[in-house]
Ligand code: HEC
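Form predicted alone, single chain, as structure tokens, below.
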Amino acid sequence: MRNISLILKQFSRSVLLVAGLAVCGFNAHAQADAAKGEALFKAKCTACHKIDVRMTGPALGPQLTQETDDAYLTKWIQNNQALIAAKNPKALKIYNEFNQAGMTVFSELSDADVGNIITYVRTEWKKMQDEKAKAPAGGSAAAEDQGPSSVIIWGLLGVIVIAFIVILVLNKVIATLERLLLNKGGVALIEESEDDEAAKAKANRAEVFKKLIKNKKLVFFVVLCGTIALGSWQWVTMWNTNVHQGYQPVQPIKYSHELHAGAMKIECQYCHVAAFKGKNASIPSLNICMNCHKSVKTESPEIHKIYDALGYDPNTAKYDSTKAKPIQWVRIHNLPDLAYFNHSQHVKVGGIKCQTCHGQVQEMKEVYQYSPLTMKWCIQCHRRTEVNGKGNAYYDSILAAHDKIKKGEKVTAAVLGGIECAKCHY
């Protein structure tokens, strides 16, 4: 009996120890700080992860909800490369799923830090799911609140119609009362028929017209004004032929220069890369857009137009070239074929800012043609723009050629840039 009691005591102690450790572990998990986890998540994770959308890495909300082994998650976050090297099945699966792209090692994070991040992600994911579940009721309520109801609109229209009818009736009543007062005062009213009134008015108009026709000074003045007005209209029409100042077409994607060049301070030549070294500024490649929008504003319908044009699937982060199609941008600034304009000459050599010709683009939600781009406009700019030849290689070569001419040395057209391709081919 004594042996049995000793065994029971040892067993009870083991059970109590395990229960105590479980309670401590539960408390430690429960006490994880979601607020600290949010700060760490934003500092360490947002470059590659979102909670609800797949980016460079998986969407962490569903991922951490499905994976309940926090010890494994802690090891993965702190040193995923060690798990992959050890051939851990879970690690190899996610490593292969993301094209063997290695995740950053966060060995500086303690177990508590990782626990805070996991708690924050799971808490936020639960909130998102709860909000999504409530969305239909909230969405319908929001839809009902938008704009005035049709009853109010029809009611206002009814009030306007009734007021108009009342005014007509009051006018009739006033006219009738005036007639009664005149009759009572002994004033006889001679009522003319509508036909008589119309005939009298027509006769008066004809008489006035005859008098005007006979006035030679008035006729000359009218003819002169008409000739001047017609000539001015023809001159303005011909002068503005093919001048599209203010032209603002609707583009296939709503792109705001006010946001990107204004608020975000993105340099013009980050997107228009050829403006510094070529004739045309060039339309930005969609790959430039993807430098940011692979992870920024991925939920926007306008960004999804870029995805569709590239055949890009944001869920798998893969491209399908068979689904790719060009975006039909509408050109805004278009010079006639007889005119030659080189962006690099103005931007690089002349040092002219983009706003000189294109206006304050950084303030435009939708770009439009700011300048008339006429020959007169270009000549006026060339007349008032001073040339800064100091330290400019192009002007240095011109000065060197002039010095040779003064010395009587041989100077060919090639020295003056005569064999540059753009001299003939543009």
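Because the structure is a prediction, the values reported are computed rather than measured. We call the rigid core the largest set of C-alpha positions that still match within 1.5 Å between the two forms. Residue positions are given as counts along the sequence shown, with the first one as 1.
Keep in mind that the form predicted in complex with the ligand is not shown, yet the notes after this line are about it.
None of 325-333, 175-183, 213-221, 161-169 except one has non-hydrogen atoms within 4.5 angstroms of the ligand in the predicted complex; the exception is 325-333. Taking the partner from the other structure, the ligand in the predicted complex has no heavy atom within 4.5 Å of any heavy atom of K277. The ligand is not drawn, but in the predicted complex it has a heavy atom within 4.5 Å of G418.
When contacts are judged by a 4.5 Å heavy atom cut-off, H272 counts as touching the ligand in the predicted complex. At a distance threshold of 4.5 angstroms between non-hydrogen atoms, V387 is in contact with the ligand in the predicted complex. Out of the listed residues M128, V243, I288, A317, I288 is the one that sits within 4.5 Å of the ligand in the predicted complex by at least one heavy atom. With the partner omitted from this view, the residue of K87, K134, K353, K202 that lies near the ligand in the predicted complex is K353 [heavy atom within 4.5 Å]. Of all the residues from 277-296, those having a non-hydrogen atom no more than 4.5 Å from the ligand in the predicted complex are K279, N280, A281, S282, I283, P284, I288, C289, C292, H293, V296. Superposition on the rigid core between this form and the one not shown places the CA atom of A261 less than 2 Å from its counterpart. Once the rigid core is overlaid between this form and the one not shown, A274 does not reach a Cα shift of 2 Å, moving by less than that. For Y72, a C-alpha deviation of 2 angstroms or more is recorded between this form and the one not shown after rigid-core alignment. In the predicted complex, the Cα-Cα separation between A47 and I266 shrinks by 3 Å or more relative to the displayed conformation.
In the predicted complex, the CA atoms of A261 and A47 come closer by at least 3 angstroms compared with the shown structure.
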